[in-house]
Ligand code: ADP
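Shown below, as C-alpha cells, is a lone chain in the form predicted alone; questions about how it binds or moves come after it.
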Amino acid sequence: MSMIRAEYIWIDGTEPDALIRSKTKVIKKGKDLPDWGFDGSSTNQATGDASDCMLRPVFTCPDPFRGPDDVLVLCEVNLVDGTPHPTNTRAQCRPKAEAAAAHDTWFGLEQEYTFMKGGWPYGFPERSFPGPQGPYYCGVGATLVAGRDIVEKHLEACLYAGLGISGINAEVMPGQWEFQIGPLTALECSDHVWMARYLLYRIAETYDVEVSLEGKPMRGDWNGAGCHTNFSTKEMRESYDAIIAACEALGKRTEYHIENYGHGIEERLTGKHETASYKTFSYGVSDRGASIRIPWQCAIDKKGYAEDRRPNANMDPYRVTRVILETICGV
C-alpha cells in the first residue's frame, strides 16, 4: 500500500494577529482528503469542555519539503456541525467573491516582511543601527542585504508548490523583503498568500530566524511593512473612468477599510515614509504618499488597475479582498 503525507494547514484564533498551525496526516495515495478534527482549545478557537473543531480542505499543492507525492493542504476551520467557525474569514469572503464574479476582479498582493533574530532586525548590527535607509531597496552586496539565501529558497519552494508568485525584492530596511502573489481571483490570491507565508516560516525555521509581519517592526526613521493590494475589475481594465469610480468608492468607506487592514495600522500609516495618514483618504497617479496609487502607465493607457497602499503586512488577505469587493463591486 502506497502512503503519502498530507500537511493540513489552518489559520488559528490568536488575536490580534492569527497564527498558522499545521499537522501531518498519513493517508493512502489517491484517496480523497478527508475532513479532520483538532483541539480548538489549544488554538484559541474553542473551550476545553467543547474543544473539537474541524478542518475542511480547500486548497492543495505539492509539498516542497517532502516526497514528490506529498501535499500541503490549506483548510477552512468549521464547527463540528459543519458551519464555518467565527475565525473562518475565508468563508466570509467566499459569498462576496461569488456575488462579484461578473466583474472578473483580479488581485495582486505585495507581501512585505522583516527577518528578526533575537528580537532585532536580521542584518542590523547587534543592538545598534546601520546607515539610514536609501541604499537597501533592491540592494546588492553583503553590507546592504541580509537573508537573501532564505528568500531564494522561499521563491524556489513557492514555484515548486505551483503558487502564483510573481516576484521578490529587497525592501527599504535591512532584513526586510517582499514577495508578490498574483494576479489571481480573491480566493486564489488569498489562499496562495497564506500558503506562501507558511512556506516562508518553515524555511526560516532552519536558519533560526523569525519572520515578522508587524506593520512597524522598527520605530524611528524606517519604513513600515505593508501588503500593498493591487486590484482591478473587468471594467477598470477597459476604462479609466472605472478606476476613478473605484477610488471614489473607497474614499467613502475609509474607516471600514482601515478596520480590516491589519492590527497596529495607525503606527505605520502616519503620513510619512511613503504612506498616507490612516485618518485621511487620497488617490493620485504615481503617488506613493496617497492612500490609493494609480500607476502612471494606467493613466497613460486610460485603463488598468489601482494599488491600495494601506493594508498592513499582518493583514488577513481574505478580509482585505472581501471589503474591496464589497466596496468597488457593490456586493
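Quick caveat: nothing in here was measured; it's all calculated off a predicted structure. Numbers for residues come from their place in the sequence shown, where the first is 1.
FYI, the form predicted in complex with the ligand isn't displayed, but the following is about it.
- Judged by heavy atoms within 4.5 Å of the ligand in the predicted bound form, the contact stretch among the candidates 286-294, 27-35, 42-50, 60-68 is 286-294.
- The single contact residue among Arg237, Arg253, Lys153, Arg94, judged by any heavy atom lying within 4.5 Å of the ligand in the predicted bound form, is Arg237.
- When the ligand is considered in the predicted bound form, only one residue from Val77, Ile181, Ile243, Ala186 comes within 4.5 Å through any heavy atom, namely Ile181.
- By the criterion of a heavy atom within 4.5 Å, Phe107 is counted among the residues contacting the ligand in the predicted bound form.
- When the ligand is considered in the predicted bound form, Trp177 lies well away from it, no heavy atom lying within 4.5 Å.
- Contact check for Glu307: a non-hydrogen atom falls within 4.5 Å of the ligand in the predicted bound form.
- In the predicted bound form, the ligand sits within 4.5 Å of a heavy atom belonging to Ser166.
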